[in-house]
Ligand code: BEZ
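This document opens with one chain alone, in structure tokens, the form predicted on its own.
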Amino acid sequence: MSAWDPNLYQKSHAFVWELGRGLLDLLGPRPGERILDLGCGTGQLSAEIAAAEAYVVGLDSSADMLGRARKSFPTLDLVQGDATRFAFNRPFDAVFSNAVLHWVPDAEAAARCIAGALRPGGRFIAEFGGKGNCAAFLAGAEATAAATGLRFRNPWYYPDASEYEQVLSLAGLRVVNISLFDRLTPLEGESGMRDWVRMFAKAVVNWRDEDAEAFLAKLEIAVRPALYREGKWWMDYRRLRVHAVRL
């Protein structure tokens, strides 16, 4: 994964955690519960879980994002770690994860860690990119890379519901509900597409810094018919939402 820029994340991508608030309703944190926020980022949703009087541990792979979280929420318990290689001495009542697991191609290892972190009957509540996520963007990026002689790759894991249910089942988690749905999401400002690419998608092509502006300008032309409307840029998100419990 590319290095995260917490300043750009805070400035232009607040929708990531703002849209995650609906997932908190599904989590329903209760006073006294132990909850792991897997991929906590800059800590906004961890803080909201803590405000419900649950004890929350935020885990993230990015030292920069955790640094911002510690400044914003100094009382949170925050840990740097890998989603495929973590363990805790005490089990959690719930594992919560918003907009993270599409960054983890080894889904089986992540699911085993999640199941291992939960008490029997504990719940796993997550939302991330599912099959078809960012399809128009990826098609435009692939075409632009080919036209400019750059290498294209899709760095994300976007499963469908049946595929991910099988992953969880093999890890010892029973799916209560799983759904795949479209969420067309507005990006901020006239530079919204460029900012989104710089924040989330630098790994899609192997540009050099001096090539970035030319690539982004051509990318905007390629995706504009599908992703620019009503005077703003949009991203064609498709999300997989999961509620599962440990057996």
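In case it trips you up, residue 1 is the first one in the sequence shown, and so on. Because the structure is predicted, anything quoted here is derived from the model rather than measured.
The next section is about a form of this same protein that is not shown, the form predicted in complex with ligand BEZ.
S.K.: Could you work out which of F73, F152, W156, F86 is the residue within 4.5 angstroms of ligand BEZ in the model of the complex, going by heavy atoms?
M.R.: Filtering the options by heavy-atom distance leaves W156.
S.K.: Using a 4.5 Å heavy atom cut-off, which residue among A94, C134, C113, A145 comes into contact with ligand BEZ in the model of the complex?
M.R.: Looking at the other structure, the residue within range turns out to be C134.
S.K.: Please check if Y237 has a heavy atom lying within 4.5 Å of any heavy atom of ligand BEZ in the model of the complex.
M.R.: Judged by the heavy-atom cut-off of 4.5 Å, Y237 is in contact with ligand BEZ in the model of the complex.
S.K.: Counting only non-hydrogen atoms and a 4.5 angstroms cut-off, does A99 reach ligand BEZ in the model of the complex?
M.R.: Contact with ligand BEZ, yes.
S.K.: With the partner left out of view, is G122 within 4.5 angstroms of ligand BEZ in the model of the complex by any non-hydrogen atom?
M.R.: Result no; G122 lies far from ligand BEZ in the model of the complex.
S.K.: With the partner left out here, check for me: in the model of the complex, does some heavy atom of G140 sit within 4.5 Å of ligand BEZ?
M.R.: Heavy-atom contact with ligand BEZ at 4.5 Å: absent for G140.
S.K.: Where, among 193 to 201, 213 to 221, 30 to 38, 58 to 66, do residues come within 4.5 Å of ligand BEZ in the model of the complex by heavy atom distance?
M.R.: Heavy atoms within 4.5 Å of ligand BEZ in the model of the complex occur in 193 to 201.
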